[in-house]
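Below you will find one chain, with nothing else, as structure tokens; this is the form predicted alone, and questions on how it binds or moves follow later.
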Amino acid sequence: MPVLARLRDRLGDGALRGRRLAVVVHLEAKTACLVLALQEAGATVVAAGSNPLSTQDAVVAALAERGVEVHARHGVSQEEFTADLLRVAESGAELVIDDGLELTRRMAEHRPDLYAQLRGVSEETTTGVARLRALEAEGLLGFPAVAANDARCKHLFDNVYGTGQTTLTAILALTNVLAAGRGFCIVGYGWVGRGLAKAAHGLGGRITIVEIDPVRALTAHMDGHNVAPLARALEDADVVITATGLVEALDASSFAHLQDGVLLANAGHHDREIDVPALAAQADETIEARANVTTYVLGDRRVHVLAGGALVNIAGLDGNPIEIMDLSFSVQALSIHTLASGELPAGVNEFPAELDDLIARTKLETLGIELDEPTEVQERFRSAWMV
């Protein structure tokens, strides 16, 4: 991670020294780089996974060997997962790097006493930022939070290129099917949905977008994709990918519209975007067809669910490439550094634009790409209203 490495001097300026941080994201090798960078900056870090299905036990063991307190195990129940997160809360963490607000919201619900002691949270997902804003709207956000997901160096690259590529890679690797000529129904056309559509189209897929937001639906149309209501879009879909950040994007009423042999995969935060329990309840038979592919037999139709409805790119494979996570974790590291500096007011804050520019310029430098600077005339024009 060359960008994160070049930010070490800034992170090590003393703002993080002696601070107790919780890092709750998908716990795999790339996350370890972030944890160890924060530890090197002088912080005491306690870590946990943001999803039991993406936690890699080998990484947990490796972090523990390096003196990091970790509360995570692969494949635990939701009750055990919550218990692990509450152990992180009880460790005395004052600053949190969160994913889906999984730790922060549980602290607010189960340990309001510890929640009241938080000094800052940085959140890296669309779902988590929405939860932060909901807490703020209810008057429950008494500390500063950074919407790291909304940073340009996060959503413009992580969501579009990272999740877009790796979701398609996971679907093809888990099933060994051909993308070219297949009908892809993508539910949700946010930054992730755009990336999915771009990747699937590049592999020769036929794209139909389902959206409830009129501006996003119009954007999908202008981008050259078909746009249709869910019931109609499902009827000729060979692959359905959810990317809404909500729950029950595919609910019990939608399964009647699925065609035989369809693949269902989730690229959104929640394991609940596809209502897998409702699908199982409707099924005449359930078959474990192959690793991370479960087939539900509905009469004369077979519906294949990938990775149990969890995030298919990280529960089924290894998540986003390290080049992408170098950018995203640089955003998170600088967010938590800013929060540790005590410079932000209570409530949801945008990631500072100058830090976005710093990350992008640093990345360009590692690629050997140079930029021109604006001329004095251009600077005067940009700053004046009478020119």
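We number the residues from 1 along the sequence you see. Computed from a prediction, not measured in an experiment: that's the story for all the values here.
The form predicted together with a further copy of the same chain is left out here; the points below concern that form.
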Contact with a further copy of the same chain in the predicted bound form, heavy atom within 4.5 Å, among 156, 278, 293, 297 goes to 156
Exactly one of 76, 177, 83, 114 comes within 4.5 Å of a further copy of the same chain in the predicted bound form through a heavy atom, and that residue is 177
Any chance residue 320 has a heavy atom within 4.5 Å of a further copy of the same chain in the predicted bound form? yes
Hey, in the predicted bound form, does residue 223 get a heavy atom within 4.5 angstroms of a further copy of the same chain? yes
In the predicted bound form, does residue 13 come within 4.5 Å of a further copy of the same chain, counting heavy atoms only? no
If we define contact as a non-hydrogen atom of the residue within 4.5 angstroms of the partner, is residue 33 a contact of a further copy of the same chain in the predicted bound form? no
Of 84 to 92, 278 to 286, 126 to 134, 142 to 150, the segment with heavy atoms within 4.5 Å of a further copy of the same chain in the predicted bound form is residues 126 to 134
Output flag, 7, 58 and 70 jointly within 4.5 Å of a further copy of the same chain in the predicted bound form, heavy atom basis: no
Near a further copy of the same chain in the predicted bound form, with a heavy atom at 4.5 Å or closer, the residues from 103 to 121 are 105, 108, 109
